[in-house]
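First, one chain by itself in structure tokens, the form predicted alone.
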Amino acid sequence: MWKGIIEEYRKFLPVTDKTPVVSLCEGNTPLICAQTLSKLVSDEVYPHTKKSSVGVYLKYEGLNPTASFKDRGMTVAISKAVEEGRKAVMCASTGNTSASAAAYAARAGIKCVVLIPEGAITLGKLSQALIHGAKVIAIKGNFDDALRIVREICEKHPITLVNSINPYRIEGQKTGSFEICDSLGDAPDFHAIPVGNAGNITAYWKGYKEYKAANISKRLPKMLGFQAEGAAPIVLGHPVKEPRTIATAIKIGNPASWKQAEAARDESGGLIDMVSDDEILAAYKLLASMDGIFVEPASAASVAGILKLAKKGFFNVRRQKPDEQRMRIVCVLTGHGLKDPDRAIASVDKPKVLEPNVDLVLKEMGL
């Protein structure tokens, strides 16, 4: 029986027998082979196996307890906060962190305070934080303003900050890479991931290195990070004062883990690029309509990114994987589509309303 990431990967995590494990059985999310994406990204089909030269796999983190990858880090951060005797935690959030922090704080029986940018959090995420009993405070400003205030408060009061600058968050989130290696038998060739505050790309790279050092995997992937075009400080090389994107989960102008993300990029021989909102929405719709996976817009940035690179011939199999060895790409899908249902509804045609008549329904069906 799966008991959560702390029990599964205890020897890789900063916990002891004295650590009170606060868990909602997070982790163990599926790694789904995306047949449509594999064909779109591949530059050929191998004649002997009839398989696409590239296999794209989707790590569907939207199936964590609060429907995002944040739960991996939060189980460790909250467990350590309780171990240290803290009675309250606090975070700045555009949504997913607040939902996760509130749920795990409720599980632990401690207080949770959340600062959000006014009007910059979807109702799906806000409802989670509120129903779990968090104290939610909106400020007139962006995420970076909220995080600055949270840091100042936590430095002066006995409150644990649970944003990704908390090192225990990174420790928990790295377990996603362990699960990928366990599923595939080794690390993939490329690992694509959305980049907002940059904690997740930092965490995955850390995990891949630790698994290789332990001789569980034999190689390291190239890390491919993707920011939204209107919120791409790492790509541009300077903070973005007023980030703009429909992908609210990565709408961050000055990432807390900026340097660590650059290190992951450089050490792995990968890249950090940006994708437009149109590219994100196209990937968002493609995932839902062709591969049956509903994600929030920010999640689709990783898929939009590899599609953009594929058009440039980036995944040239003959150059990178001779002898008909299939190249493997893993895209992390960070959150479930129900986090932002309004975006989904706005992206599709509304249902047609008919009289309750069989003939009318058949006609509308084209029969």
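Start at 1 with the first residue shown and count on from there. Quantities reported herein were computed from a predicted structural model and do not represent experimental measurements.
There is also a form predicted in complex with a small molecule; it is not shown, and the following applies to it.
Asker: Only one of 183-191, 250-258, 132-140, 268-276 has heavy atoms within 4.5 Å of the small molecule in the predicted bound form; I'd like to know which.
Answerer: This holds for exactly one stretch, 250-258.
Asker: Should Thr94 be classed as touching the small molecule in the predicted bound form when contacts are defined as heavy atoms within 4.5 Å?
Answerer: The answer is yes: Thr94 has a heavy atom within 4.5 Å of the small molecule.
Asker: Look up in the predicted bound form whether Ala198 has a non-hydrogen atom within 4.5 angstroms of the small molecule, and give yes or no.
Answerer: Flag for Ala198 set to yes.
Asker: Wondering, does Glu296 line up within 4.5 Å of the small molecule in the predicted bound form on heavy atoms?
Answerer: Output for Glu296 is yes: heavy atoms within 4.5 Å of the small molecule.
Asker: Given that the partner is absent here, does Gly305 sit within 4.5 Å of the small molecule in the predicted bound form, heavy atoms only?
Answerer: Contact with the small molecule, no.
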